[in-house]
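Presented below, as structure tokens, is a lone chain in the form predicted alone.
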Amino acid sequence: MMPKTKPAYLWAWPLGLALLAALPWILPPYQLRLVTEATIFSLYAVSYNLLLGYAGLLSFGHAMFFGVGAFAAAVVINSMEGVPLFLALAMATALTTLAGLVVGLLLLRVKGTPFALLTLAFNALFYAIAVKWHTVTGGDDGLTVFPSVVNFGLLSLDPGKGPDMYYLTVLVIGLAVAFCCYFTRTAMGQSVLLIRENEERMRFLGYNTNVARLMLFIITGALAGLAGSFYAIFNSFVSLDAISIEMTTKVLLMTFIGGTASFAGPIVGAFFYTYVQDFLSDLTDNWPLIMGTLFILMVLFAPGGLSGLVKSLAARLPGAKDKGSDRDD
């Protein structure tokens, strides 16, 4: 009997973790900062894709949760001197979860275009609150954030230092993304997919589709709030940009460019968008026009995004069909 060989991807895990741990010694500070920012946006994009790609809910207001998380983290850290960073993150995420519950109860009575337009209206409402509530949010001036050092006993991480912030981000955001991946494989995650495909049949089978959508909306809002909290800590500052329509546009671009059909698509899109934006902004002030053109080209010629493009190219490689037939056998 032939001994079983381990799949190649099992060896990729320890190699990948080793690479992640070594990045602060490999990359220069600015490049490490880009990686950290892209990692934060990865969770933001993944949370959005749970709504769009898995539930089929197009939202133009996902930035309201990102912004609430960012401002909530800043307010908690600044108003509670010496508060542990993880407690501040938990409190900010809890507040975002509450916001998701309230907004979800009002929004999820409708679907399709009315849902998309109402999310845009709610985002504008939250933005207006952030502008007018100057004593809390700082209004146009924003808020400066001074996070405390995270002490793990034998090890401490200072968010003000690039490598420490990178490790903290990879740890927490990585766990959050892993939770999202696990969620898509649970019964609830699969039910959301089935509701998107045939809601009437799911109701006939006894599923409460409204509750399932509400739970998903709350979870995605909380995850976006966690990403927003890290965004505020990462920049040591939070402004109205975190809750603006432009921030929703950004996550839309990341998700569509990466591809909504796969879980890894938004992660690819987040890194692609972060690096391409940084490159183009150094070349010209008209970089949003170039990004918009790129988005249009992706929608027209590669609707599956970068992940779908890679899959289609891999399927055309010599031997790909033979491997597929071998698996079928």
Partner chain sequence: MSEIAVFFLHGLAYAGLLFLVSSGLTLVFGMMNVLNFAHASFYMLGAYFALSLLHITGNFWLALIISPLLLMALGMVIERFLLRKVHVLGHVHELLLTFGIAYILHEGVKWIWGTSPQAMAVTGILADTVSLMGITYPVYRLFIFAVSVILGLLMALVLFKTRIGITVRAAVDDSAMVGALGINVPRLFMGVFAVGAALSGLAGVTAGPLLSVFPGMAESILIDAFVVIVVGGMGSLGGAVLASFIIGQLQSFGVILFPEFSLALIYMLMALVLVVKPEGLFGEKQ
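These numbers were taken from a predicted model, which means no experiment stands behind them. Numbering follows the first chain given and starts at 1.
Note that the form predicted in complex with its partner chain isn't included here; everything after this is about it.
From the list 82 to 90, 153 to 161, 230 to 238, 117 to 125, the contact stretch for its partner chain in the predicted complex under a 4.5 Å heavy atom rule is 117 to 125. Contact check for residue 99: every heavy atom lies farther than 4.5 Å from its partner chain in the predicted complex. Put simply, residue 256 is close to its partner chain in the predicted complex: some heavy atom of it is within 4.5 Å.
Remark: residue 292 counts among the residues lining its partner chain in the predicted complex, judged by a heavy atom distance of 4.5 Å or less. With a 4.5 Å cutoff on heavy atoms, residue 106 counts as touching its partner chain in the predicted complex. Each of 110, 132 and 245 comes within 4.5 Å of its partner chain in the predicted complex, counting any heavy atom. Contacts between stretch 176 to 195 and its partner chain, counted in the predicted complex as any heavy atom lying within 4.5 Å, involve no residue at all.
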